[in-house]
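Next come structure tokens for two forms of one protein chain, structure 1 first, structure 2 second.
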Structure 1
């Protein structure tokens, strides 16, 4: 096991493209850290620099208190698991897993012992003398994991290892990889564009965009207190609702104005400087609920029911706040980073599927909101509403 430190690490290609810009992350000894972001954000380039497959054009990459910028890949003792498995088709499963040890000149008896131990961990015993083409995608990925594990490396480097699997297998393999990493305690740097993988697998998550690190934190920290609008919009499905708003003072309190609607937000010191100024108000779908369900608590907005999508045990309720309400962001980020235009005045609430929603306009309670700087997207404050 080893700690991996990115110290102002950068990657600039010959054509002037900055793939990674001044990256600073400390991957702790034994930690499972997931790098996530849309396609082209620099996460895979960062992983490949750790592996030694990409040169570093700025900063230092440190592993175990040793700068490894110019160290050959074979001398780093990192095991990489690729998206496409990278198995040898002419070799049996036993031979594929044993191959790294044979390259190191390990004795045959020791190889047999270690292979048997690894296949036992990964439930591959029945397939030991089959060829990769006869295995399912999930089984092939286990073989790739076995070949990485058997080396007893300082760290695992995983480049979207589940992206070629179907949805059911991805769920299964997520838990298997997570459990294996916890059992081994091996430092792991895992790259994915899938926020669900990131949230369910990582001890911490590093969110990247356009080569720049946006935030590092636990899944709960990233979700509950995103540092900017990009992180808030990228993490969470459906995405956070982002609305142009304005703050005004009333008596001893502050109100948030969304279109022609107003609701109180209490006294929040961080928002004092934003009185009589434009601001971005964000609310996650699960923080929008039926007024009757909110038991008199929360800020209130009136919205017209548009449609409901059943995703038991929940439903996604599409609401229209009115044409005078402007969506703050011009795009949202799907799992693959594809921008999609947003419609004015539309928000989504996530509520229990058994609730029946009547057509027409009703009152909806907002339990928690995030306020962002419209100029640079930075988080100003997260506020939990508790208003009668």
Structure 2
């Protein structure tokens, strides 16, 4: 096993496009690190640079204290699982799994022994002498895993390996891969655009956007303390509610103004500098709850009930704040923090499905919120209101 360090790694294509900009990540020995982001964010390019399939145009890629920028893929001893599995269609399952060993020149008897072991582990015995085209998607996925595992590589590189499976199988394979990685303890770099996959599988997650690393951290860190608006909006479903707000100082302390509504935010030193300036206030759907349900004083917003989507044991309640204050994660702001384009006043709350909500306008409590800098989207402070 090995640790992989990206040191200012960059990829610029011949046409001048920057696919990856100055990437710095340390993948620890034995760690399962998931790179996640929307399509075109550079995550696959980064993975392919590790595999050696894409040249590196800047920085250093280090694996086990050795710079591998110019090492041929075959000399890196990494195993890769491709999105379409890339099983050799003319070879049987046995030959497919045995191929990496064949390349190493391992003796036939040893190959047979090791393939049988791997095949047993992955439940593929009945298909050993069939061709890939006669297998189902899930079985092909397992063969691809087998081909990766057999060589006992320094690291696994996985490029959206579950995206071609149906939803149910995806959930099953998700835990199988995690379990396998856990058992083998092999350093794993996993690329996906699916945040649920990222959250459930990774020891740590690296969120990328437009070739730039946004944040690296454990799933909980990323969720609880997103470093910027992009990460906050990308992680979590339904997405975080982002509202255009202003901070003002009154006799009672600092208050936050959203549209015509205002609530106190208590003493938060980081926010002192933002008084009388525009700011973005983010609140996750599960941090919005019925007023009676909230402990302590908290912050409240008046909102009109629009509709409720039942997803037992929860429901997603759509609320209207009565003023256009919602902004998109990609919103552009003027110098004073005023958004150029306000969308509407609709926010979403996630509450237990057994609660009945009466139509009309009601008071909703906010447990926790994040304040972001409109200029660069950076997190300023996360505030818990129910503790105030």
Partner chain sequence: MSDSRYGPKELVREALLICVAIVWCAPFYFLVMVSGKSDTDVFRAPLAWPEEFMFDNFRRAWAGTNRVTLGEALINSAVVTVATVAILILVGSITAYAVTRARATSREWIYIFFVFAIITPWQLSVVPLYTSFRQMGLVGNQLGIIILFSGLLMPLAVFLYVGFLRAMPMEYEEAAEVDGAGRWRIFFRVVFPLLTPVTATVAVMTGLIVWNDFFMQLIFLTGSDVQTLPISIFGFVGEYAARWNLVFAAVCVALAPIIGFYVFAQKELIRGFSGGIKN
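Just so we're on the same page, rigid core means the largest C-alpha set that superposes within 1.5 Å between forms. Keep in mind the model is a prediction, meaning the values are calculated, not measured. Numbering follows the first chain given and starts at 1.
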Quiz item: Only one is the form predicted together with the partner chain; which?
Solution: 2
Quiz item: Would you say residue 92 moves its Cα by 2 Å or more between the two structures, aligning on the core?
Solution: yes
